Ligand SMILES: NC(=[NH2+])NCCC[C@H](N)C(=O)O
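Only one chain comes next, encoded as structure tokens, the form predicted on its own.
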Amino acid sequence: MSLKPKPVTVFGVPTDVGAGTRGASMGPEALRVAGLVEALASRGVEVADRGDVAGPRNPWMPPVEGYRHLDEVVAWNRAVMEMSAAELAAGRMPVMLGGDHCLAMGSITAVARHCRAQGKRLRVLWLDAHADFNTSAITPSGNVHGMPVACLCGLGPDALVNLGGQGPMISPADVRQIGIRSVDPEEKRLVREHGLDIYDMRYIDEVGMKQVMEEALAGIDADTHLHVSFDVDVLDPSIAPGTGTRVPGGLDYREAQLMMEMIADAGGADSLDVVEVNPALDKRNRTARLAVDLVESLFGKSTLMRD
């Protein structure tokens, strides 16, 4: 399958409102400094950087009724949803630069609505160390960046579940999670109960990335919209230190490259999130530069002699 030659819109979302550590708000600029827009343009992609969407400041408060900064999280996600929806309607591919991973609620809500309107099926690849399937009942922190998949699947506060109209926006059957290695005990129970399709690090170790990607991409066709939600903490901290929720034992460089190359081989993504880059915790913008390298592979740059 060849890559879809769709024009791309990049936009930043400079907030860490859903996170437990400050600094992801600087992620969009770190990715720009690392040359993300130029890297896509050099691949022949027609790319426009729309700048950053606007939203409220991060108040950095403790949880209220199980959620930290819920009003601010809703406001930022609404801004993401509106920007993503406008670009999808214009026939462009939205690339959201986060910010923390709670922002995927806005981008995926827009994509899910777009798929319904177009009569397309949705496949979400969730590349992450965490399942992000927490609810306020099972997480003491109240950090909403641990809840986006649950909210999208209908488990969460009304303001997020129904962000784009009557939720849930997606079904667990739409999601494939890759690289998972940190799931809370009660979250494990919820994940099993809802039948989430998880390719954890043990499974990747056992069968290899090639088989994992073949399984995760199985059934994708011309009527499928593929959304890739790329949290840089899916990568091992030894190669990607600049993120707020580091978990040892993540993807190495070759596994991550193969994952992105196989997505490109399958036709590429139709929308993309790049989130949780935290330059305050990084070394000389190393994590953002690696993220740009991997996004290039997602857009068809092969590290092998196959071009």
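The numbering used is simple: start at 1 and walk along the sequence shown. Note that the structure is predicted; figures quoted are calculated from it, not measured.
Just so you know, the form predicted together with the ligand exists too; it's not on screen, but the next bit is about it.
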property: The single option of Gly195, Gly208, Pro140, Gly165 touching the ligand in the predicted bound form, heavy atom within 4.5 Å; result: Pro140
property: Contact residue in the predicted bound form, chosen from Asn134, Ser229, Asn77, Thr109 - any heavy atom within 4.5 Å of the ligand; result: Asn134
property: Partner proximity in the predicted bound form: Glu87 to the ligand, non-hydrogen atom cutoff 4.5 Å; result: no
property: 4.5 Å heavy atom contact, Glu187 to the ligand in the predicted bound form; result: yes
property: Non-hydrogen atom contact Gly146 with the ligand in the predicted bound form at 4.5 angstroms; result: yes
property: The ligand contact at Arg123 in the predicted bound form, heavy atom, 4.5 Å; result: no
property: Per-stretch contact check against the ligand in the predicted bound form, the hit in 154-162, 90-98, 68-76, 125-133 (non-hydrogen atom, 4.5 angstroms); result: 125-133
property: Neighbours of the ligand in the predicted bound form among 277-291 [non-hydrogen atom within 4.5 angstroms]; result: none
